[in-house]
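Shown here is one chain on its own, the form predicted alone, set out as structure tokens.
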């Protein structure tokens, strides 16, 4: 695949069947929303010894591994370092990990699963982060009580690992020279821009698409980006992708005369809004914008956040899945208020 912002063309190969020729599309506007490359291939030993839950393939691998091969040993859960571009630092903070909601949500249910399957409990689980604080984007007012509760339950916590150096049969080795013993290694990789986006005049130094906070490229006004492919989308959260898509729609509506500048020329106000399963029909919900300089900070735990998580799953992954319904959004508003 290739994109030419000067010629306003996109070249691609249809993937329905092998052997398709290269196709060319000409555009008036292009929205880069191709997600990111998850760099599992950059982690030495992942193919042989690693597990994850970023898609159904890895999910199915874990579903088979736990009852068939897992011997009840220690568990390691955490992230590789995110290599963020440097050209949007005036717009968004710099993150050490692409998104640490997944490690938090994996470690909590795993501890519950171990308890309910005779394998011990949370004391067997070590969660690790490349940064100073796990899930730093949620803000200390949210993260500290969450880590305190996890510690009281028996979970172990390691920070400042810098990066994952390698996964071995015995555990996870880190770039700072330390390691964690683990039979089950649950890791989440670096989020990387797709190779065809590198070295384009619309991209930053890591290949992510440069935009302002209204999702428009500053050099090519007919180029937009949202979701994980956008440089300003940090961390790589679903809610920020939704915000980016809405900003794109508003900006194009402005260009074609369907919306006024007053309604469209408004910067995205990023916020972390994350709902996680904790196991045992309990969940946690975080709502915070302190990482972006705001004052909003909320952590709620219990059965209502779990209900919200199940509604989220139903909306996006169930039959006739679609954008969240009004009922789901009312639940979100209820929790936030």
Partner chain sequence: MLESNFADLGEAQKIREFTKNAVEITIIDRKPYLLFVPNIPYEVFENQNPIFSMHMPVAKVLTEKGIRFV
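Residue numbers count along the first chain shown, from 1. Since the model is a prediction, treat every value here as computed from it, not as a measurement.
There is also a form predicted together with its partner chain; it is not shown, and the following applies to it.
Undergrad: Within 4.5 Å, heavy atoms only, one stretch in 99 to 107, 149 to 157, 80 to 88, 125 to 133 touches its partner chain in the predicted complex. Which?
TA: Single hit among the candidates: 99 to 107.
Undergrad: Its partner chain isn't shown here, but in the predicted complex which of 165, 206, 250, 216 has a heavy atom within 4.5 Å of it?
TA: Partner contact (heavy atom, 4.5 Å) among the options: 250.
Undergrad: By the heavy atom within 4.5 Å rule, which residue out of 35, 45, 294, 39 makes contact with its partner chain in the predicted complex?
TA: Contact with its partner chain in the predicted complex is made by 35 alone.
Undergrad: Find out whether any non-hydrogen atom of residue 138 is located within 4.5 angstroms of its partner chain in the predicted complex, and reply yes or no.
TA: Answer no; every heavy atom of residue 138 is more than 4.5 Å from its partner chain in the predicted complex.
Undergrad: How about residue 304 - does it come within 4.5 Å of its partner chain in the predicted complex, if we only consider non-hydrogen atoms?
TA: Flag for residue 304 set to no.
Undergrad: Although the partner isn't part of this model, could you tell me whether residue 299 comes within 4.5 Å of its partner chain in the predicted complex, counting any heavy atom of the residue?
TA: Looking in the predicted complex, residue contacts with its partner chain do not include residue 299, since no heavy atom lies within 4.5 Å.
Undergrad: Look up in the predicted complex whether residue 20 has a non-hydrogen atom within 4.5 angstroms of its partner chain, and give yes or no.
TA: Residue 20: no contact with its partner chain in the predicted complex.
Undergrad: Using heavy atoms only and a 4.5 Å cut-off, decide whether all three of 15, 60 and 246 touch its partner chain in the predicted complex.
TA: The answer is yes: all three residues contact the partner (heavy atom, 4.5 Å cut-off).
Undergrad: Does any residue in 49 to 66 get within 4.5 Å of its partner chain in the predicted complex, counting heavy atoms only, and if so which ones?
TA: Residues within 4.5 Å: 53, 54, 55, 56, 59, 60, 62, 63, 66.
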